[in-house]
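For reference, the chain that follows is the form predicted alone, supplied as structure tokens.
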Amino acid sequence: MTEKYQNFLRRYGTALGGLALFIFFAIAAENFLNPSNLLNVLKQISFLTILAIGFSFALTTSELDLSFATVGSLACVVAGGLIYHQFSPILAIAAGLFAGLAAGVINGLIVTRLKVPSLIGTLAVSSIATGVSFWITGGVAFVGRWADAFLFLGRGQLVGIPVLVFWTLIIAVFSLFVLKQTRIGIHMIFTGENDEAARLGGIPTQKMKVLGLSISGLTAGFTGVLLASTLSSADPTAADGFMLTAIAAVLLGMTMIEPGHPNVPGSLIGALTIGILSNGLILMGVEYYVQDIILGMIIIASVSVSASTITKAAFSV
């Protein structure tokens, strides 16, 4: 096997595995190739992908954000609560985004100013976010007939395609542009690669870490708003179920395109692979717990490829 072929497999092997998975379900799962089912897959992974991209920003600066799912739930109840009480949709959206951004900034300050490892600091913020969500709702979801303008964010369609798919593509393209084509993005990458060398080179590494965690919080806030819009309800645990799957998507993405490094295309393909796997297993009538077992195996296999990056992000101070 030539070195060129080995490099190709190292960069694209996981993506080829995802393609093989798609072909397998196309043959083995009835109705898998139905256009409505494929659109449903893209719609279902929208939340997962947006959260994964946000998590990637934090990991790019060598920090972990384990609060993004509960922060998404908090943003969901903040936005949904305002809509439920008949406030302006614009105010509700802004409040949800602000809740996510505020949580991200707090995470960044805890890590950079208080010198608490991100693994611990973001878990603490996650606990706080959960408590605040239940405090706002009293443990009962906000449900009702909400303004059409707000519901369009998550339920609308453009040229027959769910608007959620467009939101995902916009965020993915914009994020890729920021990371690869802007000075801030390059500084974030350098900070994650070697923060001490980056600092000596004049890069404000602490600000980059705060920025990475803030973006993760902001995307979680946006996901929470989209969830409230899509579900026409706001539950204090609305986004909690995306925790492991979003992390798995990012870790799976780190095995391809730029092996060992968080990257937007990889996270996108990772989320799509997980979505295809979940949808295909459901269509084949496989028990739900099999998905959890496979997801755990994906995380273990992915981390084995990028263990040094994850360890550094979890315990750096």
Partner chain sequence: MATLLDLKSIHKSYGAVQALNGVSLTVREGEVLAICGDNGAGKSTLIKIVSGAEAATSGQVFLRGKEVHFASPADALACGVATIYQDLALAPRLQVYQNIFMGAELTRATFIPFLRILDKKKMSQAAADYLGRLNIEIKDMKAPVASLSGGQRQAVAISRALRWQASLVIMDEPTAALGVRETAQVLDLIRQLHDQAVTIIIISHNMEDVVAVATRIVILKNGLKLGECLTENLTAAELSRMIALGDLGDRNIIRQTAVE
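Residue numbers count along the first chain shown, from 1. On a predicted model such as this, the values are computed, not experimentally measured, just so you know.
Same protein, other form: the form predicted together with the partner chain, not shown, and the subject of what follows.
Which pick from 98, 174, 166, 152 sits with a heavy atom within 4.5 Å of the partner chain in the predicted complex?
By the 4.5 Å criterion, the partner-contacting residue is 174.
By the heavy atom within 4.5 Å rule, which residue out of 200, 170, 158, 90 makes contact with the partner chain in the predicted complex?
Looking at 200, 170, 158, 90 one by one, just 200 meets the 4.5 Å heavy-atom criterion.
Quick one: which of 99-107, 187-195, 76-84, 113-121 gets within 4.5 Å of the partner chain in the predicted complex, going by heavy atoms?
Selected stretch: 187-195.
Using heavy atoms and a 4.5 Å limit, would one call residue 136 a contact residue for the partner chain in the predicted complex?
Result no; residue 136 lies far from the partner chain in the predicted complex.
Check whether residue 178 has any heavy atom within 4.5 Å of a heavy atom of the partner chain in the predicted complex, and answer yes or no.
Judged by the heavy-atom cut-off of 4.5 Å, residue 178 is in contact with the partner chain in the predicted complex.
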